[in-house]
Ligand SMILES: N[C@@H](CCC(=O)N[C@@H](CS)C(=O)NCC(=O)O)C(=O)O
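Shown next as structure tokens: one chain only, the form predicted alone.
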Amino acid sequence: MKLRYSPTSPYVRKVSVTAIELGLADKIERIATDPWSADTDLRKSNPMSKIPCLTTDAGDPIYDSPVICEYLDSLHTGKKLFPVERDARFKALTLAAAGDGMTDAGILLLVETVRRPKELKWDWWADRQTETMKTCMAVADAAADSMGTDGDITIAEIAIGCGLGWVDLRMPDFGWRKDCPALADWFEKISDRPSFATTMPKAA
């Protein structure tokens, strides 16, 4: 398998953590890709020209991170990161959606406040993304006591943990720990898990 990636993407990190947890990391060739480059051929594999994008051993492209993670989970016959039992499955998927939603809003906020020209910035939009991040974090905070750290985990823990890691990297002054103490305690513990510790993002 081949994975198109960039080193600081929280969505790529989700895939990397998933692969490590499933014992599949050594079966994936990583190909550094700049999705914003005019010269990239990424759109041939992913029509959205986004990373991560996985090419299977059969040559089929799979995107984006939720689909890639579930595909990798389907290759593993042991403990599932996507629970099989219905209630547990949809609980995990819903929490994972909150994690992804937090990250999506964070990226939109970063674009709006840092990368958009000053004369084009829209305060209402920035405020909306900030509120989305906070409400998603509140959902995760309420669920923190039920989320794993050193035992079995699901795609929910992976999505939330990778999202928080990205927030700390790109928005170190966001100050989420004060409002979400249970989530902060959980994040500190899961950050020591080998799959998280070895994929900790570093500023590019």
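The first residue of the sequence shown is number 1, and the count goes up from there. Since the model is a prediction, treat every value here as computed from it, not as a measurement.
Below: the form predicted together with this ligand, not depicted.
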Exercise. Just one of Leu75, Ile107, Ala126, Ala88 has a heavy atom within 4.5 Å of this ligand in the predicted bound form. Which one?
Worked result: Ile107
Seminar exercise, completed: Answer key, this ligand contact in the predicted bound form at 4.5 Å (heavy atoms) among Arg30, Lys27, Arg170, Lys50: the residue is Lys50
For this session: Using a 4.5 Å heavy atom cut-off, state whether Asp141 contacts this ligand in the predicted bound form.
Result: no
Exercise. Is Tyr11 close enough to touch this ligand in the predicted bound form, meaning at least one heavy atom pair within 4.5 Å?
Worked result: yes
Exercise. Closest heavy atom of Gly165 to this ligand in the predicted bound form, within 4.5 Å or not?
Worked result: no
Exercise. Residues in which of 170 to 178, 155 to 163, 131 to 139, 51 to 59 have heavy atoms within 4.5 Å of this ligand in the predicted bound form?
Worked result: 51 to 59
Problem set entry | Heavy atom contacts to this ligand in the predicted bound form at 4.5 Å, residues of 59 to 73 in sequence order | Asp64, Ser65, Pro66
